[in-house]
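Single chain ahead, by itself, as structure tokens, in the form predicted on its own.
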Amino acid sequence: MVKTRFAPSPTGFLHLGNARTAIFSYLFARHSGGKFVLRIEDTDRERSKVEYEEAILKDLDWLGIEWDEFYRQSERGDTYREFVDKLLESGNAYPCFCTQEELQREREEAQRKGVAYRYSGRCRSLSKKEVEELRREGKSFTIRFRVPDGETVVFEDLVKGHIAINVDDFGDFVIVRSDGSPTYNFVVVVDDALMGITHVVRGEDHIPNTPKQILIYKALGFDVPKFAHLPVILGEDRSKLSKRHGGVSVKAYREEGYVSEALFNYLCLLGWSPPNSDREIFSKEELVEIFELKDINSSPAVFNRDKLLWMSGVYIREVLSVEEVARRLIPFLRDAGYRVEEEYLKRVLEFTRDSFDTFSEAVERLKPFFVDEFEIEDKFLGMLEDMKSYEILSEFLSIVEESKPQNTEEVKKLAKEIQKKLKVKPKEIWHTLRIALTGSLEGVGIDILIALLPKGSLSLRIKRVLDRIS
């Protein structure tokens, strides 16, 4: 059975690149009828924060990624110690008593010679007696994995193809720090093996770690999983996606009001595309049905914020129901201080959901439907004074208070009646009403606003403007 995992470190918010890794790993497991594991890799005690873990879990849930099993590495210390002991007993690992100063001198010497640094192996040949004496003296030590000399580790990556790395490039590496905490390359092997992970899907920045991990798998007698290393995501300037390109965390897009399904859909298309299809909008169920690791492109993908924004708008306009858009939008409107009644909002959305691409954008876009108090700039007041605005608004108010228009056709009919009676141009009527009711000359259709606004709001806004220009 296929079993994949996503293993984030709670040292920051969930990056878009890591979110894509989670999506690919999740889709492959579900497509294959297998299981998907979430494992929090929190062995870095100084940088791991509970608030980051909570944010990661919230982001994954928001994206619709469900997991079958959940683990925290910080709760698995006894398991790691058991396998460290096995490596020490078999001679595949050894204590290293080199100080930081000694190791730094080795690095500086390698730099002076212009060669890549690798540990000299000076503690490799310490006898048991020497190790015991150093430990009795209270010398601190790390534990290093004994890398076999001259070996080349070869593996077939499911995305990158054939990869071969000579172990002499990195030498003996630390698997337990001097404070007793295990390192990433060691614990990830133990976890993946014991959890039955069959396919490791992760970013290509992990390729240098893979030969080290394969050596540990073999030393412990574990089966080696298959690896799929994903290409990086670039900004539009072709550099690695970073904060200078704007929001790079899932949290940022969640708080900006992007549609979660749109972000899931868009990230899936960064480096992957379905065969024989030029479609771009897919449901999660459709993606589960068609996703294959073999269809992942080995070249970097470019993140285009405008494309994501467009896709979020498509979901709001065409994919989600009005009821669902309203449900997701209400928290944003209430956070902005709007008093929102769900049925009224759904009527508003029937006419306006094609005018915004995110829920945060909707807050400003729909403001005229919810906020009666607003400032009118002097330039707009000046425009009202240059037109027959007082007569227009007075006539409009008298009609509305007697019988408010209930749809856009009735609003247009009313406007024509006022135009004919006062002998004014249509432009004067619509500009006057727009400024009086919204404080601007841009925004939602004024006929829609008049049809949907409660009579009390219409009267309040008109009377306030009449007081200003009388």
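Rigid core here is just the name for the largest C-alpha set that superposes within 1.5 Å across the two forms. Residue positions are given as counts along the sequence shown, with the first one as 1. These figures come from a predicted structure and were not determined experimentally.
Here the subject shifts to the form predicted in complex with the RNA, a form of this protein not shown in this document.
- With the partner removed from view, the residue among 321, 297, 90, 398 that has a non-hydrogen atom within 4.5 Å of the RNA in the model of the complex turns out to be 297.
- In terms of contact with the RNA in the model of the complex, the residue from 421, 58, 47, 413 that brings a heavy atom within 4.5 Å is 47.
- Interface residue remark: residue 301 is counted as part of the site for the RNA in the model of the complex, having a heavy atom within 4.5 Å.
- Put simply, residue 9 is close to the RNA in the model of the complex: some heavy atom of it is within 4.5 Å.
- Proximity of residue 131 to the RNA in the model of the complex: non-hydrogen atoms within 4.5 Å are absent; the residue sits far from the partner.
- Interface residue remark: residue 325 is not counted as part of the site for the RNA in the model of the complex, having no heavy atom within 4.5 Å.
- Every residue in the set 116, 165 and 427 has a non-hydrogen atom no more than 4.5 Å from the RNA in the model of the complex.
- None of 379-387, 216-224, 325-333, 278-286 except one has non-hydrogen atoms within 4.5 angstroms of the RNA in the model of the complex; the exception is 278-286.
- Residues of 344-361 lying near the RNA in the model of the complex, listed in sequence order, are 354, 355, the criterion being any heavy atom within 4.5 Å.
- Relative to the superposed core, residue 113 shifts its CA atom by less than 2 Å between the shown form and the other one.
- Core-aligned CA deviation for residue 139 between the shown form and the other one: 2 Å or greater.
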